[in-house]
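Two forms of the same protein chain are encoded below as C-alpha cells; each is given separately, as structure 1 and structure 2.
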Structure 1
C-alpha cells in the first residue's frame, strides 16, 4: 500500500494520537493476518507472554526451523562471495511454501557441501602431485650432477693408477677389491619444507643426529600451494641422506614437526623419467576433473544467486511472523489468538480492512475482532516523517524521545539547527563546496542506499538533507559576512566609504568618509583588511549572538506554554511560564533591546556598564550611557520584576500541587464498582502518577527549588553559552584568512610556477581538511549543544518511548 494511501496529512508539531487495541484472531487465519499487518506496518504488538522463556512459547519450533534456514542462507552467501557472484534483486521463479523452501535449501546445502569436499580432495591431490613433480625434477638434477662428479673422479683415479704415480694411495687396490656386500648403503628422505623454516630444519637435523646426516636443499623460484593449508608458500626441495633405521626415524619425526611434505624418490634415472611422465598425466586428468567440478559448482551458485534475495526475505518475514505470534496469548478453548498493542487512531480503518482481507484469503468462517481498550500507561510516540524530516527528528531523538503528544522541537530544528550552524560557518565559498559535495549524495541516493558504505560515509549519507540545509544557510550567512574563502566581494554595489585623500594607503574608519548610500546587504567590503576590522566584527557578531540566543530561549519558554495549555496544566502556565518569561526578558530581553536601540541610534553608550550597574547601583544616574528617556525607571521596574519572579517560581507551585492532590483523592474511600474489562475508551488525562501514589510534599518542594535555581543560573550561563556563535564564527574567519594570506598569496608572491602549484595544493588540502571537515564537525557539535541544552531544556521532557510497529520494512538485514 502506498504511503499516500495510509498516512494522514503530516502534523509534525505533536505526535499522532494513539490507541490501545485488542485483536482476536482465529487460528486458521492468524499467520496470514500477522503477515498482512507486517505489510501494513502500523501496529505495535505488546508481549503477552513475558513470563515464558523463548523455548516455552507456542511457535518455538517454527522459529528454530527459520533459524536453521537462515544459517543455510548465510552459507550460500559465503559461497556466492567466494565465487564473486552478487545476488539479484529481481524475483525469479514461482512462489513456494516454507516447507518446500526448507527442503530445497537442505538439498542445495548437501549438494554444495559434497561438491566442496570433493573439490578439496581433488585440490589436495593436485597440489601434492605438483610438489611431487618438483621433487622428482629437482632431486633428479641433484643425483645426475652427483653421478657425473663421481664418474669423473673415478676416471681420474683410474688414470692415476695406470700411470703408477708415486702420489697414488698405497691401499687403493685393496679398497677397490673390497667386497661390495660389506659397503655401507645410505638411505634418503626427500620432500619440501617451508623456506622460512629451512635454517631451523637444518640445525635441528644436525643436532638430533650429531652430524651423521647429509642434507641437500634447493630453492624453488615460484611459491607453491601447500596441500594442507591451501595457501601459497615459498618452499625448498630437500633430500636427507642417513644411515640406519634409528637415524631414519629421527629424520621422519623432524620432518613431521616442521610441516615438511615427504615424497618417495628413486636413484634410477629410467624410473625417474617414468614417474615424472606418470605424475604429469595424473595432473592433466585431475586438472580436467577440477575444472569440470568448478564449472558445475559455479552454475549451482549462480542459480542460487538468482533467488537468494527472495529466499532471504521470505525466511526473515516468516521468522518475524512467528516471533510476533509468540507474543500473542494462546486460547486453547476458543481456538484463537489474542493480541494487544498500540496503533495510530488514523490507522483503525486500515487495520480492520487488513484483518477482513486476511480472513477472506484464509477461507475462515469467523472473522477477526478489533476493539479499542482503556489504558492508563503513556502511549508510544509516533511522528509521520519523510526522508527530509527524519534526519532532523533523529537529532532530537538522540537527546530523548518526546513524551506522548509533547511539543516536538524537530519542527523548529529544521530551520534553527542549520541556521545556528551557518552563523558559525559563514563563508559562501565554503558553503558552495559543502553544497556540491552533499548534492552528489542526494542525486545518487538510490545507488548509495542499496550499497554498504563505511561508518563515516554512512553517517554523512544519513544526514545528507541536514548537511545540504547547513550549506544553504552557510551561503546566506557568508553573503551577509561578505566572505568568499575570506575574500570580500562588492556583490551589491560599491562600498559606501572612500578615502579622504586619494594618496592614503593604510585607511581606517577615521580616514574614510561616507560617499554613497549604506551598503545594501551584509557587511561593507571596505571593512576587510583594515585595522578596525576585528573590533568591528567582534562587536557585531557578539551582539548578534546574544540576540539570537535570547530569541531562541524565548521560543523555548513559549513552547512550554503551549505544552501546558495542551495538557490543561494551568499551574505550569501561571507559576512557571509567566515568571520565566518575566525573569528572562527583564534581564536579557532588556539587554537585547539596548543592543537594537544602540544600533539604530549610533549611540556610544557602554552596555557593559549599564548592565553591571543596573544591579550594583540601580539608583545611580546613567549620564552618557543613557539611550532613551526614562531608561533609569524602566531598569528599576525590570529589576523589581526579576526579583519578584524568583519566589513566584519557587513558592506557590508546590502548595498548589498539594492542594490539587488532596482534592483529587478526597473521595477515594468509596470507589464505584466497575467491570474488569472496561473498554469504553482511552484515558485522556495527563496525570502520570498512579491513583494511589503517595504525595511527598518535601520532595516536590526540593524539586521546585532545584528547578528554580537551575533556571535562574541557567539564564545567565545559557546566554553566555550563545557567545560560542561569535567565537566559532571569528575562528572560522581567521583560519580562512590565514590559509589564504599565508599559503596561497605567499606562494603567489614568489613568481615561481612550482611554488605556486605547491601553494595551491597545500591551500586545497588545508581548506578541505581543516575548514570543510574539522570546522564543519566542530560547528555541528556546538549547534547540537545549543539545541539540546539551551533550547530544549526550557520545555522538552524527552522521557517518552518510540513507536516501533511490526513492519517487514523495518526488519534489519542482520536479523537472525
Structure 2
C-alpha cells in the first residue's frame, strides 16, 4: 500500500485488497462529501435502506426535482434539435448552485414555451391564410371557367333558338322561364380537405344529402401545411353546392368531422381579386412577424446550447449524489448520516483526505468519521486496469468475474490469447494488414472515443489493443510458417536443400539433398508446393499444438496451486494440485517429452503406437519405437503414477473436509465468540461451502466425484481440443493458398489486363472478406474457447462480483 499515490503499483495478479468501511458524515457536509467521493470514484456504497420504497427515502424530493430538471433539459435538447444547433462542449459558464439552475431552467422553459405558443398561433394564422389564398385562387379559376362555359352554352342555345332548329325542345323555353322565376338560391361551402380522406368525404356527403349536392374538387400540387396539426399534408380544394338549411348544417358537420377547413368565398370576380390582394398583404405582414419571432427563438436556443452540456452533467451528477444519499441511513441523533460500503485498501488515505477536504470546505465543525469494519460476506473484485489491460480483463470477465483475490487469468491472457490466435492465423501478410487497420484505430483513438460508432466498429475499437497484439503475434507466427499471402519467402538466407539434378523438379523431396546448414528460422521455403508439404506441416503443427496445450494446461494447474496457497488451503494443494499435476504430466507431459526427443534425435518412432500400447500392453517391448534407454520402465512408472493419482484425487478430500468441519463445529460450540473473529477473512472465502451452511457429506462426495471424472476425462479431451490450433491454421493456409493460386495466379496466366484486374479485385475481396474478417473472427472465438474452457477450468472460480464504485466518470453513459 503506497501512501499518497493516486494508484499503487499495478498488482494485476490478484484483485485489490478491499475493506468494508463506515463513514459517518454530519448532515451539513454530507452533500459535498458525497460529491467529492464521486469525483474520486473509489467507494462503493451499500444500500442501507433496502426496505424503503424510492419515495419514502430522505432525498426523494430532491431526486424528483432533478428528474424535473432533466425533463426540461430534454425539452431544450428537442428545441436545439429543431433549430439544428448542436451543444458546444465549451463549459465557460460560472459555477451555479442547483437552486439557481432550477430557477434558470424554469425561466428558460417558460420563455421557450411562450415563444412556441406565440409562434404556433402566428403559424396557425399564417397557414390558414395560405390555405385561404389557395382556395380563392383555385375556386376563382373554377368559377371563371364554369362561367365561360355557361356563357358559351347560352350563346349556343340562343344561336340555336335563333335558328329555330327542329331539334330544340319546344318546352325548353318555358322551363327556362319558370326556372328563373322560382330560382332557388344555392348555398355553397368551400375549403380544403386532406386528399386521403377526399373520397370518403365525397361518399358521406352523397349519402347524407341523398345526392342533392354538387361537389367540385381540385387537387393542389404541393403539400400544404395544415394549420391545426402543423404537418405537411396533401390536400384538395373543394366547393360543395347545396340547397336548404338542413343540408347546410349536415354539410358543415361533415366538414368538421373530416377535418376539412372551411373558408368563405364569393362568386363576384371583383371581390375575389380584392380578397386575394388583402390576404396577400396580411400574409407578408405575418411572415415578417414570424421571422422576427423565429430569430429571437433561435438566439435563445443558441444561448442555451452553450451551456447545455454543463447543465446536463450537473443535473446528472446531482441526481446521482441524491441517489447515493438515499442509500445512507441516519444515526441515532438524526444529525449524521451513516454510509457503509467497500473501498480498496490503498484508497483509505485518499478517502480520508477527501472527507477532511469536504468538511473544511463546507465549514462544518465536526469532521466525518471513517472507520473500518469487519465483514462476513465476500468483498467485491476490483482490478486496476488501464486502457491496454482492460480489454484483456474484459475477456476474462465475460466468462465470470474473479472471486475476491483469486489468481487472475487476465495477466496470462495478455500474451497467451494473442499467441494462440496467431497460431491459427499464421500469415505475416495478413498479419500486416490487420496491424495497419488496427493502427489507424489506435492512432485516431482520441477522435473515435468521443464519437458514436456503429455496433461492429464499436467492438473492433473496444478490442483494438487485443487486435493489435493478435496481429503482431500473427506476423511472428507467419514468419515461422513462412507464409506471406501463402507465398514463402527466403527471408533468412537460401533454402538448405537443392536438387541433385534437373529432373527432380517434379515436386518431391526425394531428389533433394541438403547443401547448406538447416534453414535458420521457421519453415524452409522449399517445402512449398511439394507433394509432401501437407504431411510435413500437419505433423509439425499437430505436435506443436499438443506442446502448447500441455504447457497451458500445466500453467492452469500451477495457478490452482497459487490459489490454494494464497487461501491457505492445504487440502487443495495435497489432494488436488499434486495428483492433478502427476496425472496430466505422466500421460501428456510424457507425450510432449517424446515429441521433443523425436524432434531432437530425428528418430522415426511411431508416437501413436507408443502411446496406445503404453496402455494396452505396457509389458511389451518397444522394438523400433524406442526413443531412449529405459523408456519401457519409465512408461511403467508413469502408468502406475497416473493410476494412483485418480483415487488420490477422489477419496481423501471429502473425508478431510468432513473432519475439518467437525473440528470447527466443536470449537464453535464451546467458544462461539472467540472463534468468530479468528477465522474471519480468508477462511471464509476459501471453501466450496460457507460457515453456516449445513455440511452435507454425500453432496461433497458426489461433487468431488464429478470433479475427478471431469479432470480425468478432461485432460484427454482438452488435449484433443488444442488440436483445433492445428486444424484452423491448416484451414487458413489452405484457403489463402486457394485464393492465391486459383484466383490471382489463374488470372495472371491469361495475359489479359482486364482479366488480371478482375482477378486482383476478386482476390482482394476474398482476402479481406474471408481471410481477414471471417477467419479472424473464427480464430478469435477458438482462442477464446481455449482460454475459457481448457485453461480456466483448471483453477478459475469466476464467481465473484465486480466493484462498482460511485463515480461521476461512470455515470456519464448510462442514459440514452
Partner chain sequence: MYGFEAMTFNIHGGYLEAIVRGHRSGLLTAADYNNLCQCETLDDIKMHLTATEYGPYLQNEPSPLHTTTIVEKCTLKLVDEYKHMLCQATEPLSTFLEYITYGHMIDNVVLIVTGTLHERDVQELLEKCHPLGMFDSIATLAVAQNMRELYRLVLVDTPLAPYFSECITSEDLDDMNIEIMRNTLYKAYLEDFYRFCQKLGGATAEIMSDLLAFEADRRAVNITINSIGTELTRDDRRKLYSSFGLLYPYGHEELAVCEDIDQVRGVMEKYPPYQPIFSKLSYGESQMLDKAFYEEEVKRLCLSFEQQFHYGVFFAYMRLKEQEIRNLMWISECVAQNQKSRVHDSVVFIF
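Rigid core: the largest C-alpha set superposing within 1.5 Å between the two forms. Residue numbers count along the first chain shown, from 1. Every value quoted in this text rests on a predicted model; they were computed, and no experiment measured them.
Between the two isolated copies of the chain, the form predicted on its own corresponds to structure 1. Core-superposed comparison between structure 1 and structure 2: the Cα of residue 128 travels 2 Å or more. Superposed on the core, the two forms barely differ at residue 531: its CA moves less than 2 Å between structure 1 and structure 2.
Comparing the forms between structure 1 and structure 2, the C-alpha position of residue 584 differs by less than 2 angstroms, with the core used for superposition. Taking the core as reference, the Cα of residue 277 moves 4.0 angstrom between structure 1 and structure 2.
The shift recorded for the CA atom of residue 222 between structure 1 and structure 2 is 5.9 Å, with superposition on the rigid core.
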